[in-house]
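Below sits a lone chain in structure tokens, taken as the form predicted on its own.
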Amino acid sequence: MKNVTEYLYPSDLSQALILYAEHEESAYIAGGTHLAAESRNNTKRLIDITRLGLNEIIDGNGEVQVGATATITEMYSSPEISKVGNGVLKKACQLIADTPLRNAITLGGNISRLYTWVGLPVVLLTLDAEVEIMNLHGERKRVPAADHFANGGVKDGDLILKVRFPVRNAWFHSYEKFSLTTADYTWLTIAFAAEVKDGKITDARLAVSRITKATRLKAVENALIGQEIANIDVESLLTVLESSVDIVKDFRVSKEYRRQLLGVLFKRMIQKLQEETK
């Protein structure tokens, strides 16, 4: 961010939008970690949104609303977050980076751009979360997480206000991240959720990132629906799983290794599901 010449604190959301629109090389900032990570950054005006009250975490009406500037540490420490997905969101927060970074990284920053290393998008996808966004005209919209990530995250000038997480604790939820150390970039992030009734899977969500862009694997989800928990055909599911992901290149590890890793973590989740629903 060597080109920055202005660092501004807007008094409210309206002023934040005006300040952004005034300068074509503007950027919003809260934690700032994704701005620091960008190799191409010509930003000259930074608009700090940390004083606009966007860090609230509210529980009510069957959902938990988390403000965009809530840090990962604030989320992890919040009792409301523990209610989301039987603690799966809390676990994801715990496994993001290290303590200094968790103190800086915000929810909005983690999901604003489709960086492959971020940890929360897969959880948003399996929880059917909604992202509330305001555009430069002050218009608000609620976007399903699946659409938000499919569209590449926020557009320039748009501002994430909050994320709404449905509280569906009747579902099974699981989250896994594989990395060499907690603070290292993940090699694979995966989240899984399933609704079980009368011993059968009636609905499912499976999402992966890092090996590909954050995405739901709907072919695997459809293959899971209707299967009896005690007799899940894991091998056939693994075949569907492998054919559903086009693994991207990574100079640190081979595609073959990550393909095997994907299968191992998925099987681990299925085993956990079977153990918890006996």
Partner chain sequence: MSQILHVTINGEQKEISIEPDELLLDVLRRVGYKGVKRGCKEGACGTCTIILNGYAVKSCIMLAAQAENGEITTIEGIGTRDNPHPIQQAFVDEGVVQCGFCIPGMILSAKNLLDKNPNPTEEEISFALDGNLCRCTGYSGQIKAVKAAAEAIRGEK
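Source: prediction; values computed, not measured. Positions refer to the first chain, counted from 1.
This next part talks about the form predicted in complex with its partner chain, which is not shown.
Note which of 46, 52, 64, 220 lies within 4.5 Å of its partner chain in the predicted bound form, where distance is taken over heavy atoms; exactly one does.
Comparing distances to its partner chain in the predicted bound form, the residue within 4.5 Å is 46.
Quick one: from 70, 211, 29, 237, grab the residue that has a heavy atom within 4.5 Å of its partner chain in the predicted bound form.
Selected option: 29.
Hey, in the predicted bound form, does residue 74 get a heavy atom within 4.5 angstroms of its partner chain?
Residue-level check for residue 74: yes, a contact with its partner chain.
Applying a 4.5 Å heavy atom distance criterion, does residue 5 contact its partner chain in the predicted bound form?
Yes - in the predicted bound form, heavy atoms of residue 5 and its partner chain come within 4.5 Å of each other.
How about residue 215 - does it come within 4.5 Å of its partner chain in the predicted bound form, if we only consider non-hydrogen atoms?
The answer is no: residue 215 has no heavy atom within 4.5 Å of its partner chain.
Taking 4.5 angstroms as the cut-off for heavy atoms, does residue 98 touch its partner chain in the predicted bound form?
Contact with its partner chain, yes.
Is every one of 117, 174 and 205 in contact with its partner chain in the predicted bound form, taking contact as a heavy atom within 4.5 Å?
No, the candidate spot makes no contact with its partner chain.
Choose one stretch from 101 to 109, 120 to 128, 139 to 147, 196 to 204: the one whose residues place a heavy atom within 4.5 angstroms of its partner chain in the predicted bound form.
Stretch with heavy atoms near the partner: 101 to 109.
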